[in-house]
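Shown next as structure tokens: one chain only, the form predicted alone.
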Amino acid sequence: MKKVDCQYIKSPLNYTGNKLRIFPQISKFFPKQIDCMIDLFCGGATVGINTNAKKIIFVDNNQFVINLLVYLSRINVDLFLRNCERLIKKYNLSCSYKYGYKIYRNQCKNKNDNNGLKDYNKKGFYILRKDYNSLKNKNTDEALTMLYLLMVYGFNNDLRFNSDGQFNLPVGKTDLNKNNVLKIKQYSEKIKKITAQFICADFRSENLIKLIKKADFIYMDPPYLLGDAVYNVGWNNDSEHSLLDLIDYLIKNKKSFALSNVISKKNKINEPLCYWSKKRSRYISIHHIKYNYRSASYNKIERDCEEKEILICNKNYIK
């Protein structure tokens, strides 16, 4: 696997399974000219923001993700960082992008390197989490800044909520470091240069179909039927069949599309996708992608199992 070109923008949201590392592989099958693209199941928006299109519509059914993407797209970066620093100071958290890593690491009682800054940030993080979860309005700039910090200081830099909408991840081992600040700056700079729209919607909604009719390219990175990540929970055979029905609609209406998915994993097969792809072989092309997610935290048990990731796209309509 070639090293990812530095020209690509990293999402400020650490979304498990994001396509940055394989973007060069999949983007070569995208249309050369795109007026309006829909990044369906956009997650951290990695694919959309790195695609050359006149307009990009980012769609995800996670309201927290969409709200953060919208917020980070309109911030003044310097003001945002000052607000982050104010909250970091308030909750007595580490701030390695400004003061370095060692000054905080040396203050950790637990000297296990694998714990990073967890020991230092533990107390302040849980107070921050409690304060955020107690907010009645989580759509204010202050609330969204708090949520961003919960993500970068939380376990695996992830975004997870319980059924009551409470942020429930434990403290992680990293903080607001130079890498996170760089991602914020790059995302903010790039998103302001393009025409972007953010929508929270289920892929089966009627309003989304109206947008699809106006778009000329749809990229889809749905939860994987064979996936073990937390965000795959709730995705089942019915969901897979509904998505395949949508792709049939795209084929019928000669819409350019690309679908990322895993066709098989270890001894399991994505039977709906496998059956559908054989029946639609005259309309689609399948490209095998060289990559797996062995380093993902959810995949520790089966780290060496073989995943066959693929990209499915039109055979005739991509120009």
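Throughout, we count residues from 1 along the sequence that is shown. Small disclaimer: the values here were computed from a predicted structure and weren't measured.
The protein also exists as the form predicted together with a small molecule; that form is not presented, and the subsequent description refers to it.
Contact between residue 104 and the small molecule in the model of the complex is not found at the 4.5 Å heavy atom cutoff. Taking the partner from elsewhere, residue 45 is found to have a heavy atom lying within 4.5 Å of the small molecule in the model of the complex. Residue contact with the small molecule in the model of the complex: residue 202 places a heavy atom within 4.5 Å of it.
Although the partner is absent from this view, residue 27 stays clear of the small molecule in the model of the complex, with no non-hydrogen atom inside 4.5 angstroms. Per the 4.5 Å heavy atom criterion, the small molecule in the model of the complex is contacted by stretch 54-62, the sole one of 280-288, 248-256, 54-62, 265-273.
The putative spot formed by 18, 41 and 223 is fully lined by the small molecule in the model of the complex; each residue has a non-hydrogen atom within 4.5 angstroms of it.
Site annotation in the model of the complex: the residue of 155, 235, 161, 126 reaching within 4.5 Å of the small molecule with a heavy atom is 235.
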